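One chain is shown next in structure tokens, namely the form predicted on its own.
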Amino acid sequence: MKWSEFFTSSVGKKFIMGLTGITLILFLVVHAGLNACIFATLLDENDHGEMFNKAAHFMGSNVIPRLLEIGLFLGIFLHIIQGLVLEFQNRSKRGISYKVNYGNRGSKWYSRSMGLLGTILLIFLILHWVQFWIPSRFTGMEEVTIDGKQVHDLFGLMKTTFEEPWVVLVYVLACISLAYHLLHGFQSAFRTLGLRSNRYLRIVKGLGIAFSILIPLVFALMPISMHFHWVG
């Protein structure tokens, strides 16, 4: 089989899904760590979002993170496109519905709903980009002075944005969708890339469950904490 045929085959598409999925998992770890900087205000009442704005400025102004950002966006879109293609292919192959519906005995509902969960996350990403990424990169935003440098006041923008209850609700729903998406996708990505040992699969499954709870929880606490003025 030629490489071009491999990447257009069902196996090749699943391989790309697994590879981009692991890349996005690593991105979530970095992004969650960045978001956690908002809680520095709980440890230092004089912080006022400085640690978060410093970290965000570094990620936005350093050459390496900016280059990785391009690869990240390509990975996100490739992951979404391949996911939708596989979802449509699977639905078309099913044809007539099964006479017996095994429900969760066959597979968990979130495993059968990856297309829906992914679509919810795509809608959330568009909202997130419009609210934060585009202003910080293109349209401009308020700035603050930290250590003699002018940096974007993303912390202040977050406080303003998350005053709206509907925005907080959308973010929390997206985090719930992310949790279920990761619950299946984390271990599925490693399986797709060739992990077959039952011993290591059990470890990956345990890590996947922990990751699926912890990372979405960190993301959800950001808008909730801002809205109820627990931080800032």
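Owing to the predicted nature of the structure, the values given are computational and were not obtained by experimental measurement. Just count from 1 along the sequence shown to find any residue number.
Note that the form predicted together with protoporphyrin IX containing FE (HEM) isn't included here; everything after this is about it.
Colleague: Looking at 80, 141, 127, 144, which has any heavy atom no more than 4.5 Å from protoporphyrin IX containing FE (HEM) in the model of the complex?
Modeller: Answer to the contact question: 80.
Colleague: Where, among 188-196, 37-45, 202-210, 161-169, do residues come within 4.5 Å of protoporphyrin IX containing FE (HEM) in the model of the complex by heavy atom distance?
Modeller: Single hit among the candidates: 188-196.
Colleague: Does the 4.5 Å heavy atom contact test between residue 156 and protoporphyrin IX containing FE (HEM) in the model of the complex come out positive?
Modeller: Residue 156: no, not in contact with protoporphyrin IX containing FE (HEM) in the model of the complex.
Colleague: With the cut-off set at 4.5 Å between non-hydrogen atoms, does residue 151 touch protoporphyrin IX containing FE (HEM) in the model of the complex?
Modeller: Residue 151 lies outside the contact set for protoporphyrin IX containing FE (HEM).
Colleague: In the model of the complex, is there a heavy atom of protoporphyrin IX containing FE (HEM) that lies within 4.5 Å of any heavy atom of residue 178, even though the partner is absent here?
Modeller: Flag for residue 178 set to yes.
Colleague: Quick check on residue 28: any heavy atom within 4.5 Å of protoporphyrin IX containing FE (HEM) in the model of the complex?
Modeller: Result yes; residue 28 sits at the interface with protoporphyrin IX containing FE (HEM) in the model of the complex.
Colleague: What are the residues of 142-170, in order along the chain, with a heavy atom within 4.5 Å of protoporphyrin IX containing FE (HEM) in the model of the complex?
Modeller: Heavy-atom contacts to protoporphyrin IX containing FE (HEM) in the model of the complex: nothing from 142-170.
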